[in-house]
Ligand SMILES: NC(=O)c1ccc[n+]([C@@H]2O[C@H](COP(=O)([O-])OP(=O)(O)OC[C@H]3O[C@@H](n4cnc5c(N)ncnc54)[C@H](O)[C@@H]3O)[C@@H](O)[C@H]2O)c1
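Take a look at this single chain, the form predicted alone, given in structure tokens.
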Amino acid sequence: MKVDLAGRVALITGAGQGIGEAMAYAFSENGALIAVNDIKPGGAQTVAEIEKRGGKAKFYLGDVGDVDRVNAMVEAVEADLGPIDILVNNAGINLGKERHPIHEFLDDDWHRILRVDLDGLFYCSRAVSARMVKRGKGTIINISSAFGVVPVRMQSAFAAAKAGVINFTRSHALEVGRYGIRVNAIAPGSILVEGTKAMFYSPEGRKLGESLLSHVALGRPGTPEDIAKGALYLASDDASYVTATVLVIDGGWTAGFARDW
């Protein structure tokens, strides 16, 4: 997929691995200058790979749940690379293999997940959109989840945060549309990254993986590149009349669970 992002600066949070990494490569291959953010030093490897491929990128280590760090990062990106044209709020966390119903859910888990998945998205959106409003242009893409569209058991904090991302996206789009800024969301389904490989597609998790995929119309998990292509479209001028939209990329999962009733 080819679009023209030549010279545009894209800040992508959580770009050290998985979906964020794939988006960083896709945007770079289409001409963007990439600000790679991640809480882990591995984000430097994403930058190294982009530079190896002939692109330009810089790594910004930091926790999006820290408002002071976010504000400092946005200032640094604009000083180093130029005004931010594209923001992708991708950084997010969830529980690991141990998951709990609401009546057993721990305060620390709840606050830890919402701090990154929702607060962090707000901090980044506020800092960047303030600058976009002054310039009268820009696009923001928020990564939600299929679990922000349909309910899920044992992951109440993640589901609440990702549903919040969707309505936050729509509210933000309504507020800044008059300034030439577009705000959209992507809701990925089951995507094959390291975490899901270990949880659903390992020998011990095979039954769970098979059960999950039985509800996916296309019968397979998605890839980070599937999400990157959707983000590339939303960031491009081809989507110039698209805002306040949730692009669900889930292989047909949320269209309805298949049953032989």
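As the structure is a computational prediction, the values presented were derived from the model and not from experiment. Note that residue numbering follows the sequence shown and begins at 1.
What follows is about the form predicted together with this ligand, which we do not show.
Using a 4.5 angstroms heavy atom cutoff to this ligand in the predicted complex, all of Gly14, Gly18 and Val116 count as contacting. Distance criterion of 4.5 Å from any heavy atom to this ligand in the predicted complex singles out Val64 from the list Ile50, Val64, Ala35, Ala235.
Interface residue among Val150, Ile191, Val74, Val176 relative to this ligand in the predicted complex, by the heavy atom within 4.5 Å criterion: Ile191. Using a 4.5 Å cutoff between non-hydrogen atoms, Phe158 counts as a contact of this ligand in the predicted complex. Residue contact check for Asn90: one or more of its heavy atoms lie within 4.5 Å of this ligand in the predicted complex. Although the partner is absent from this view, Lys40 contacts this ligand in the predicted complex, with a non-hydrogen atom inside 4.5 angstroms. Shown alone here, Ser144 lies within 4.5 Å of this ligand in the predicted complex, counting heavy atoms only. The partner is not drawn, yet in the predicted complex one stretch among 97 to 105, 183 to 191, 167 to 175, 128 to 136 has residues with heavy atoms inside 4.5 Å of this ligand: 183 to 191.
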